[in-house]
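Below, in C-alpha cells: the form predicted alone, a single chain.
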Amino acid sequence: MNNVSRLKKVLENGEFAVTAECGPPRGADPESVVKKAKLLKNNVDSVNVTDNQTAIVRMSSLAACALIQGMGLDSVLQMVVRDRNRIALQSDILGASALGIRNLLCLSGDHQSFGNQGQAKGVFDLDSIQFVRVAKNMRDEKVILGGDPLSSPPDMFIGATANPFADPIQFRAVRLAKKIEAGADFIQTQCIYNLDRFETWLNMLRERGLTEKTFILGGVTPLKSPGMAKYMNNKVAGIDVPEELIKRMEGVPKDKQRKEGINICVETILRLKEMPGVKGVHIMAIEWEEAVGEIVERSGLLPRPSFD
C-alpha cells in the first residue's frame, strides 16, 4: 500500500508530472479496472478515477481506487458533490485515507439530467470550492465541518479543476484564486486544444502570482476522429477545438485519424512543457488507455521519475 502521494512527491521535486484518467466499468468486475491500470502503469505518476462520470451509474470511484492502489499505483480519487451530502463527503475522505489513497480531486459533477438517472435528486449540499476547504481543514486543522475534532486526520493531496475556455475569461482566474485560497494543492484543467486561449489564461494566472501557489496540470485528450472533434466543440460545454484542428483531422484518411489525433496530442504536450507555470499534464484518454504509453513516450516523458 502506498503511504505517500507519488503525485505530490513528483511535483514537489520539480519534475513534470503525468497523470491519466481511468473510468470504472458499468458493472462489478474488478478485472476491467485492473486491465486499464496495467496499460497505465509505469507510463504515468498517478491515475485519476472518475466518479460516475456523465452521471451514469458505474463502479464507485473509491472501490476502483482501492483496486488500483493494490496494484502499486498512485490513485487520484475523484469525488463529486452531486451525489453526497457533507456527512458522506467527509466520511469517504476518511475511508479513502484509511485505504492508503493519498490524492483527492474535488468536483461538482455532471448534472444528473445528462446521464441514465434523470430522476435522481442532485445533492449539491456543498459546492466544489467549499468541498476543497472542508478537505483542507480535515487534513490541516484536524476538524470536520462545524469544528468537531478528528481522532486522526486524513492524509490527502487536494486537487481541483479549472476551465480556461469558459466565458468570461476574466472570471476564470478569479474563480481559480478562490479554489487555491480554499486549499487546492494542484489543479487539473479542461481539455486543451486552443493553445492561444490557454496561454492567455495562463498569463492571467502568472500576473496574479497564482502559478506559484499551486501546481497546474494541463489537460489533454487525443482526438479519435473529426466527428469527435466537432462534437466536443459544439456539444461539450467549455471545450474549444479550433477549426484548423478539425480540418486537419478531416484531411487524413479514416484509418490514419487516430494516429493524427495522437500527433496533435503530443504536439500540445510539447508546447505545454515549454510554458512557465505548467507543472504537468493530465491525459484523458477514456476507453483508449492503450494510447497513453505512446503519447507519453513521444512527448519525452519516459521514464517516469523513481524515488527510493
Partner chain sequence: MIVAEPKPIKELLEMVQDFNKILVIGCKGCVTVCNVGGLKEVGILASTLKIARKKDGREIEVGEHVLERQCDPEYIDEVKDIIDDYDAVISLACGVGPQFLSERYPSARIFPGVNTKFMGGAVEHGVWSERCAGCGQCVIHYFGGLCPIARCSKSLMNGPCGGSSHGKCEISDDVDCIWDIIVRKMMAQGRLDELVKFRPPKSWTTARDGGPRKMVREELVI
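Numbering follows the first chain given and starts at 1. Since this is a predicted model, take the numbers as computed values, not measurements.
Missing here is the form predicted together with its partner chain; even so, the following discussion is about that form.
Visitor: Checking a candidate spot here: are L145, P168 and A237 all in contact with its partner chain in the model of the complex (at least one heavy atom each within 4.5 Å)?
Guide: Every residue of the spot touches its partner chain in the model of the complex.
Visitor: May I ask you to choose, among M138, M228, I129, L73, the residue with a heavy atom within 4.5 Å of its partner chain in the model of the complex?
Guide: Checked against the cut-off, the match is I129.
Visitor: Just one of Q90, S97, T211, N163 has a heavy atom within 4.5 Å of its partner chain in the model of the complex. Which one?
Guide: Contact check passes for N163.
Visitor: Given that the partner is absent here, state which listed stretch (147-155, 129-137, 199-207, 217-225) has heavy atoms within 4.5 Å of its partner chain in the model of the complex.
Guide: Correct option: 129-137.
Visitor: Test of understanding: in the model of the complex, would D83 fall inside 4.5 Å of its partner chain by heavy atoms?
Guide: So D83 does not count as contacting its partner chain.
Visitor: Quick one: does G159 come within 4.5 Å of its partner chain in the model of the complex, counting heavy atoms only?
Guide: Although its partner chain is absent here, G159 would stay clear of it in the model of the complex, with no heavy atoms inside 4.5 Å.
Visitor: Does its partner chain get within 4.5 angstroms of any non-hydrogen atom of N116 in the model of the complex?
Guide: N116: no, not in contact with its partner chain in the model of the complex.
Visitor: Go through 97-129 residue by residue and record those having a heavy atom within 4.5 Å of its partner chain in the model of the complex; state none if no residue qualifies.
Guide: S108, G109, D110, H111, S113, F114, F124, D125, L126, D127, I129 sit within 4.5 Å of the partner.
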